[in-house]
Ligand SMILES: C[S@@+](CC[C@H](N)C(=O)[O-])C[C@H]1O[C@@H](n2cnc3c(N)ncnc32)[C@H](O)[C@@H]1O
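Below sits a lone chain in structure tokens, taken as the form predicted alone.
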Amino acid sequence: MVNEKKIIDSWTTNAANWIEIIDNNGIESRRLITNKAIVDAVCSNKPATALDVGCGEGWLTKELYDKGIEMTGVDVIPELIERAREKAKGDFLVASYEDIVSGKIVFSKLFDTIVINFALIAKESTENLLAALPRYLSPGGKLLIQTLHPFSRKAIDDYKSGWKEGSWDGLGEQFTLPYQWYFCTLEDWLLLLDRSGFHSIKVTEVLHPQSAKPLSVIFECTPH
């Protein structure tokens, strides 16, 4: 769990930098396509309620609330939750993925949708979280995950699940403390979701609108 602690330490250190770059729409892939892709994917199911896990500073929570969805957001970084409360209406909780798994935090309802947007970057906490999520979904509810397209690692001949060296490259010199993150191949993602109690897994590839380079995938699935 050492790598997972370093991830949290890095996000704690860079919270203000992250808030600034998101508020200024400073990440090209998000601005071009990935933000819209996850909003459209959630809204296509017309949920009345949704849980945004790893909600960060709250941009997605706000977008979905503005579209009429009753929102709850959870993140482990207090500074990000504070900004989310300023930005969006909804219930916001400071909690780790382990807090969700253990039931330390108690939600007031089940959710029609649980959405996780670029917020699964470790190993053990991801595995434990996904296995716990079915009990938080209402009957017929859906889990949606957007993550880095696994094929992005093929371009550098490193298409193997495991811990990878990370960086904040492209986001500015103000970002410090890069961390290792856990990469899954497409096959391993599908196996993990199945093992976690999900089926009917729909995979949507999100491509750069000009170059058609794969940027992300969105997994949409329902509990067994």
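Residue indices: 1-based, along the sequence shown. Everything quoted here is computed from the prediction, not taken from an experiment.
One more form of this protein exists, namely the form predicted together with this ligand; it is left out here, but the text below deals with it.
The shortest heavy atom separation between C55 and this ligand in the model of the complex is within 4.5 Å. Contact between V217 and this ligand in the model of the complex is not found at the 4.5 Å heavy atom cutoff.
A131 falls outside the set of residues with a heavy atom inside 4.5 Å of this ligand in the model of the complex. Proximity of S152 to this ligand in the model of the complex falls outside the 4.5 Å heavy atom cutoff. Although this ligand is omitted here, in the model of the complex all of W59, Y97 and F118 have a heavy atom within 4.5 Å of it. The partner is not shown here, but in the model of the complex the stretch 16 to 43 reaches within 4.5 angstroms of this ligand through a heavy atom at W18, R30.
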